[in-house]
Each structure stands twice: as C-alpha cells, then as structure tokens.
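The chain below stands alone and is given in structure tokens; this is the form predicted on its own.
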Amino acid sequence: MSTEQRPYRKVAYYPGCALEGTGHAYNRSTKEVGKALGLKLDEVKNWNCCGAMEVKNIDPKIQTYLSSRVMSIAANEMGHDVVMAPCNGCYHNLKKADYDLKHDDESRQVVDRISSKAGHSTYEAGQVETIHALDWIKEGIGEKELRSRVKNSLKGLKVANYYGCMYTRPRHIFPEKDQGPGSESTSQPHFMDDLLAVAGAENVDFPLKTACCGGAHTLSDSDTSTLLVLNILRAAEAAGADVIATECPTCHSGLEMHQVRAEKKFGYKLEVKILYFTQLLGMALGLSPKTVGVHENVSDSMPMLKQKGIA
C-alpha cells in the first residue's frame, strides 16, 4: 500500500484538556511528529472536556453526552469520519460513548435531549471511528515508511513501553483489537513497541505495561498512587530500561510526579526517565529535543539522551 493510500492521513484531532495543560509536551510532540511524517491534524472546533473522571463518577450519561458532542462536531460540522485522541482517558471515553449509544436506549435519549437543547446535531453511533495516536502513526504512515524516515536512530536506548490501564480496558469497547495479525492486543499491547523498535530502540521485557498508575486516586489517596507508580518504576529499572515511554498525559504526569514523591515519602530514588513516545519518535526523525518539548518534562532526561547520542 502506498503512503497516499494508507488510512488516517488526515483526521480530526481531539487533544482534550490534559494536552493543553500538564501534557503540553505531548501535544507539541504529536503535532511535530505529524508534520514530519506528512500526517495532517484538523483540530476539533470548540471542543469540550470528554467528561473524564469527575463527570463520569457523578452522572455517566452526561459524560456520554460530552464525548458525543466532540464526535458530533467532527462528523456533522467538519465532515470527518475519524477522530484521533492521544489521551487514553479521552480515547477510552469516546469509544465508550459510541458503544453506549449503540447499545443503550437511555443513553441515546439523554444525548438526543441535551443535544437538542444545545442546538447541535445529535451524534449517531458509528458516525466516526475513534483512534489513538498509536493507531494514527502505525497505520497512517506504516512501519516500512517510518523506518525510511529515521535520521537519528534510538539504537542503544532501552525502553519500557507503558500503555496504562485505559488503553485496553474494558475490552468490549475496543472491537478492533484482538483481531489477529496486524491488530493491537488487549492482553499484550505492542503498537508502541513496534514503532519504537523501528526507530532503533531496544524494547525491554516489561511486565507492568498495562498496570494502573493510580491516576484517578492521586488527589484522594496520594500514597496509594505513589506506591502503584513505584511498582511500575521499579519493574522498569529491574528490566534494565533507561526510559519509560508513555502514551497518556495522565499516566505521564503521574509517573513523573510520583517518582519525585516516592523519593521524598518512601526513600526510593529511581533513575529511569519518563518520555512520551512521540518525543522519542520525533528525535528519531531528526527533530530537536526542544522542538518535541523534552524541556517541559519534570524528569531531566537530557544527560541520558546526550550520553546515548540521541540529543
């Protein structure tokens, strides 16, 4: 398949709240990688929060509406049939909203009622396909083409790929996964591993790639979140990783902040660095660390990147 014929060459881009806040480096690096690869992002106009955790915990039907509005704008006002959401929470919530609207009458009634009051078209299940940034790059450019674009190999960099818990759970809202060769796996996700291997990195055997980081409990029970993150950090170091690659802004922030807290609270100092997979891919494509926002991360990975000859 030629590059021009591949899917996802131009998609509606839903950054979500986190990427305009604590996850700004993910937003920056995603856009820069897209430019470098010739993949176009058309940001959803006047987008709103997907409902995240707070709204969903109070009224899940309202959360379904909030996610549906994003998809309605992409489909009915912008003419897109694919929405790309790089945040695991947004990706999960849009997928769940589409599933609920397909299978639950009450969800359809609530969404139709609020959409009418808000004055926009009601989103109909199946109008758009929601994909993750990993799908966007893996399918939009392809591994063969990506390999040909690598200018600054990540050779010598050992990476633990951390997907987080919402990328694959619950399985029923991700019917495209577990469909055999070429599809993503819910039990052993590998799309990030595949992309970074093409860029030259060495992926380590990391058993906690879909473990929860405790992001939803950071404010209510910080110690539990810190201990969950500590398990992930220690597993990555035990596997020999130089860096943990992330693909979710909440997970990324949690790993960085609780790495600091683990040392202050529990006396554990760990040296593994945290970088977005898009930052690593961007540097492999020849972009500077500053261009992909490495300076915005909490953990200082520059000495390690320089030592490895990447920065």
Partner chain sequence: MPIHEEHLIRPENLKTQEDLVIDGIDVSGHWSTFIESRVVTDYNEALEEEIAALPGGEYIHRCWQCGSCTNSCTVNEVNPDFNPRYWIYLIRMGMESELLRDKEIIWQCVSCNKCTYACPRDVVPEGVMKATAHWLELKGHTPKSPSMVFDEVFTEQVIQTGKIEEGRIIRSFFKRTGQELMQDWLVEMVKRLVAKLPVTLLWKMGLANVLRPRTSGWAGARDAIQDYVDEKNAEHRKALRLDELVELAKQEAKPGQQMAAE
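Small disclaimer: the values here were computed from a predicted structure and weren't measured. Positions refer to the first chain, counted from 1.
Omitted from view is the form predicted in complex with the partner chain, to which the following refers.
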Under a 4.5 angstroms heavy atom criterion, identify the one residue in L227, A197, V150, M78 near the partner chain in the predicted bound form. L227
Partner absent here, but in the predicted bound form, which of 234-242, 81-89, 164-172, 129-137 has residues with a heavy atom within 4.5 Å of the partner chain? 164-172
Mind checking whether each of A52, E106 and S222 has a heavy atom within 4.5 Å of the partner chain in the predicted bound form? yes
My question is simply whether S183 lines the interface with the partner chain in the predicted bound form - judged by any non-hydrogen atom within 4.5 Å. no
Hey, in the predicted bound form, is H24 touching the partner chain, heavy atoms inside 4.5 Å? yes
4.5 angstroms heavy atom contact with the partner chain in the predicted bound form for A125: no
For R261, is any heavy atom within 4.5 Å of the partner chain in the predicted bound form, or not? yes
Since the partner is left out here, which residues of 53-89 would have a heavy atom within 4.5 Å of the partner chain in the predicted bound form? M53, E54, V55, K56, N57, I58, D59, P60, K61, I62, Y65, L66, R69
